[in-house]
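The form predicted alone is given below as one chain in structure tokens.
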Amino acid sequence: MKNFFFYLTMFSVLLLTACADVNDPVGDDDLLPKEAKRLLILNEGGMGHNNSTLVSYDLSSGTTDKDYFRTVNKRGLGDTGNDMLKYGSKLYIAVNVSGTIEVIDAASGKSIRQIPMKTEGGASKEPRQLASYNGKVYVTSFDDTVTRIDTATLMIDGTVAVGQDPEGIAIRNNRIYVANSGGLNWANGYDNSVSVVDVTTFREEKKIVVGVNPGVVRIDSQGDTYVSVTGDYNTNPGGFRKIDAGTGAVVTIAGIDAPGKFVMADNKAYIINGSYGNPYSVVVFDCLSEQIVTESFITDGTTVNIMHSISVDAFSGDVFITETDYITPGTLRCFDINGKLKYTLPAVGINPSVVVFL
């Protein structure tokens, strides 16, 4: 009898271990920031040029592989890498024009699977932005949907219709918030809403009007949702909006008139503010005190002409700003938490965008 219980216990442990390996769980320890050893930088490339790249930069040795994905996988990444997300032991890359989600082993860079993102007619759904939650990865696409991917099977297991041409996505407390840009419909008028989708039922509950052409969505620890609204570049100006978690009211944050991409770290939003032909700056907004900390994060006089994207290392507080001219390989600059330049990586690729810390 003792032997029976011993083997039963061992079988249970092995079964649980096997299940854990298959499901690639993200435990609390995985969510805690760690010191980065390496950076992976996604370069969008030029739309229609099939030249997206992934760069690997080793922080200790200073060595760079500017075509890391090709080095490992002996093929290109595809056309227009729009977003990249690390979840568990895998990286997920939304490749817009190619219509794929590239799933990569984070440690080795080896491609595990290409998930096709196609319409019934075979056209690209144009995947845009990514978010993860409870073992799933969610993808916004320009066919007006959000797609759910099971991270254990790496198969699509659900789709929900939202607003026009959704871009940004963020998830908290079993609710998915999706910015409906309407960007492809600009000639007839952009969308102006954020869709709220219930995670459990995977159905849209409502739309919240936030302003013309919303882009990026982030959520702070209190559950307040922040949205960068781009406007229509004409009569409807942009703005930085907050959807209050308690009342649902939409509030405009004063002093941020032309927000673009932004990230959130330690309840602070780092916002690229400016537009083509106008000066760019990084505004830092404290989401808890609801005050602008600084209107110009860079403190040492470093000039960044066209700010394309921004990322923050949650462990060190380092801020990474990419610069582009949309034609030639762009530059990545790393600033410390006080806004002083630490180092520069020149000519990393066409339209450098998302930075992931490994």
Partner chain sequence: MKVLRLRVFLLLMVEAAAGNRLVAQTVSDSLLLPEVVITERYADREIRSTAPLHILSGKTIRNLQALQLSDAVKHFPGVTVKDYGGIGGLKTVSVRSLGAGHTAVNYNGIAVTDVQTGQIDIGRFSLDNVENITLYNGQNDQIFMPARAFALASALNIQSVEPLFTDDEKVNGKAAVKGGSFGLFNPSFLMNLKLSDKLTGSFSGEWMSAGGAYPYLLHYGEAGTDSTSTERRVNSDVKNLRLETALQACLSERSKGSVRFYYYQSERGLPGATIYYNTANFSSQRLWDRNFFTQGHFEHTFSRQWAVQAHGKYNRSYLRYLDPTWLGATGKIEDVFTQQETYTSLSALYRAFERLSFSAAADLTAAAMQSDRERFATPTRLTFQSVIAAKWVSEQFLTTASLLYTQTVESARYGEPAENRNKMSPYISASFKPSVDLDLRLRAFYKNSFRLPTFNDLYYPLVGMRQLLPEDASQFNAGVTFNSTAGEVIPLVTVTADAYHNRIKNKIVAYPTGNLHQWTMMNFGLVTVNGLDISLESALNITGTVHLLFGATYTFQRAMDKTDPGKSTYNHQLPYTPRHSGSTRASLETVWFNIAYTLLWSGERFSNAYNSDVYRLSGYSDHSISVAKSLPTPLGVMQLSVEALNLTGRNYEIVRNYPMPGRSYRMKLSINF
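Since the structure is predicted, the reported quantities are computational estimates derived from the model, not experimental observations. Numbering follows the first chain given and starts at 1.
The same protein has a further form, the form predicted in complex with the partner chain, not shown here; the description that follows concerns it.
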Stretch in contact in the model of the complex with the partner chain, which is absent here, among 236 to 244, 181 to 189, 152 to 160, 131 to 139 (heavy atoms within 4.5 Å): 181 to 189
118, 206, 203, 110 - the one with a heavy atom within 4.5 Å of the partner chain in the model of the complex: 118
In the model of the complex, the one of 145, 281, 124, 89 near the partner chain [non-hydrogen atom within 4.5 angstroms]: 124
Residue 351: touches the partner chain in the model of the complex, heavy atom cutoff 4.5 angstroms: yes
Close approach of residue 299 to the partner chain in the model of the complex, 4.5 Å, heavy atom: no
Residue 50 within 4.5 Å of the partner chain in the model of the complex, heavy atoms: yes
Partner proximity in the model of the complex: residue 306 to the partner chain, non-hydrogen atom cutoff 4.5 Å: yes
Residues within stretch 317 to 338 having a non-hydrogen atom within 4.5 Å of the partner chain in the model of the complex: 325, 326, 327, 328, 329
